[in-house]
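Before any questions on binding or motion, here is one chain by itself as C-alpha cells, the form predicted on its own.
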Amino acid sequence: MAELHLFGQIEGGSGFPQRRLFCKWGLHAGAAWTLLAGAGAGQTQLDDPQVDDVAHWGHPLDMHLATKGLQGWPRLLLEVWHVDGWGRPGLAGYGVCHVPSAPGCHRVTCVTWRPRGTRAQRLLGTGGPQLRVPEVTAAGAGDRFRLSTESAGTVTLELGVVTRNMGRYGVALG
C-alpha cells in the first residue's frame, strides 16, 4: 500500500475577536485511507494572549496513514473555541485544510468561519450557533451552501509530508 506520514504542529490562531482560545482538530479521509499510527484527533491547550491577538499553541501532530486509492485525500478539520469569563466554552470558528500532497515542509494558513446567528443568539450565548455535526464541514463547501456564515480568524500550521510507495502505484506527487 502507498503510505503518507504527516507530522508538524498547529502553531496558533490569530484574528479572532475573542481571547482565551483553544483548538480541537480531527483528521478526515476517504474510505480507502487507514490511520496506522498516531492520534486522529486532539485538542490544544488554552492560550490567553496578553500582548497581541495571536494564540500560541505549538500542538504536535504525527500521523502515519496508508491508502489503497487517492480518493478522499486527508483533510484536517479545525474547531477553534474560546472560554469566557465564567469558564463557558463558545465556538470561535470552523476551518478545513487539505493535507499538502507534495512531500516536504509546508506552512498552511487555514481560514475559519462560523455560522451567523441572530443578534439575540449572539448576545445570549457565548459564541452564537454551532453545527450539530461539525464533520459536515470536512465534506466540502457544497454541503454548507445554505448556511449563513461570517469570517472568523486564521489558524497557522507547520506540516511535514513524507510519502512512500506512491510511485509504485502510479502516483506522481510533487
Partner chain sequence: DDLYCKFSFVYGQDWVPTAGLEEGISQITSKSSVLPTTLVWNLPIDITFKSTNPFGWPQIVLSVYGPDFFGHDVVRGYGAVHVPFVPGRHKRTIAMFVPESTSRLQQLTSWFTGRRPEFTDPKVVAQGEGREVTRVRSQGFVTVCFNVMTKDLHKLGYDVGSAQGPGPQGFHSF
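Positions refer to the first chain, counted from 1. Whichever C-alpha set is largest while still superposing within 1.5 Å between the two forms counts as the rigid core. Because the structure is predicted, anything quoted here is derived from the model rather than measured.
The discussion below concerns the form predicted together with its partner chain, not included here.
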Out of the stretches listed (26-34, 66-74, 109-117, 39-47), which one is close to its partner chain in the model of the complex, meaning heavy atoms within 4.5 Å?
-> 39-47
Tell me whether 17, 150 and 156, taken together, all sit within 4.5 Å of its partner chain in the model of the complex, counting heavy atoms only.
-> no
Counting only non-hydrogen atoms and a 4.5 angstroms cut-off, does residue 90 reach its partner chain in the model of the complex?
-> no
Does residue 52 show a Cα shift reaching 2 Å between the shown form and the other one after rigid-core superposition?
-> yes
